[in-house]
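One chain is shown next in structure tokens, namely the form predicted alone.
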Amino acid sequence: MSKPGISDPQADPLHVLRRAEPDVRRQSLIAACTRVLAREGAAGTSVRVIAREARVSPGLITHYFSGIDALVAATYAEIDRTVAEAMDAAMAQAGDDPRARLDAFVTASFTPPIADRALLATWIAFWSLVTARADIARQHDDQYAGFRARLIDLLAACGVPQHRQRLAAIAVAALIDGLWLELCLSPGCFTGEEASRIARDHLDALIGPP
């Protein structure tokens, strides 16, 4: 019988570590890009600045990404994934009740890690690129469509008729975005709990109280 790690590379801990290293490096570059976008905005984000933030050579960035555009797009996707995971976690805690899951999905934006001024700064950088870059515009449209589709599913589970679901989802999404934006910009104006109460009151008016 051969020893693990000699004829079976999959069983070699060093092989597993080496295989994981590229993903760790990519994630560290995405994290650095997130910080630079939040601090410098889209105009101040470049391979050189991100490399300095990540304490790596510019060549390492171009090794893992084809250029700054690809890194920014990957960062946009990663931020969207982080937000989606936070909403999934909130719904998981709510259990199986459809209305409780809808409430959790809607109000998750008013608590950390989504209700965060640094995250808002990063989103503002992305939004500034929507009109300047077709690929970011498509990415934005795809991500918004996915968010709206999840809302439609949740509203449908709560009994909202099909002919009302699309516009209801757009209205709820706009309410979430508006409250989240003001909460991050002016946290002293109202609290996350108050934002949640406003959102739940809107849902009560839309589909009835739970």
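When you see a residue number, it is the position in the sequence shown, counting from 1. Source: prediction; values computed, not measured.
As for the form predicted together with another copy of the chain, it is not shown, yet the points below apply to it.
Have a look at Leu120, Ile79, Ala104, Ala73 for me and say which one sits with a heavy atom within 4.5 Å of another copy of the chain in the predicted complex. Looking at the other structure, the residue within range turns out to be Leu120.
Check for me whether another copy of the chain, as it appears in the predicted complex, comes within 4.5 angstroms of all of His140, Gly178 and Ala205 - heavy atoms only. Heavy-atom distance to another copy of the chain in the predicted complex: all three under 4.5 Å.
Is Gln93 a contact residue for another copy of the chain in the predicted complex, using a 4.5 Å heavy atom cut-off? Output for Gln93 is no: heavy atoms all beyond 4.5 Å of another copy of the chain.
Another copy of the chain contact at Glu194 in the predicted complex, heavy atom, 4.5 Å: Taking the distances in the predicted complex, the answer for Glu194 is yes, it comes within 4.5 Å of another copy of the chain.
Is Ile198 close enough to touch another copy of the chain in the predicted complex, meaning at least one heavy atom pair within 4.5 Å? Residue-level check for Ile198: yes, a contact with another copy of the chain.
Does Val130 reach another copy of the chain in the predicted complex, with heavy atoms at most 4.5 Å apart? Contact check for Val130: yes, within 4.5 Å of another copy of the chain in the predicted complex.
Stretch in contact, per heavy atom within 4.5 angstroms of another copy of the chain in the predicted complex, of 149-157, 169-177, 53-61, 24-32: So the stretch in question is 169-177.
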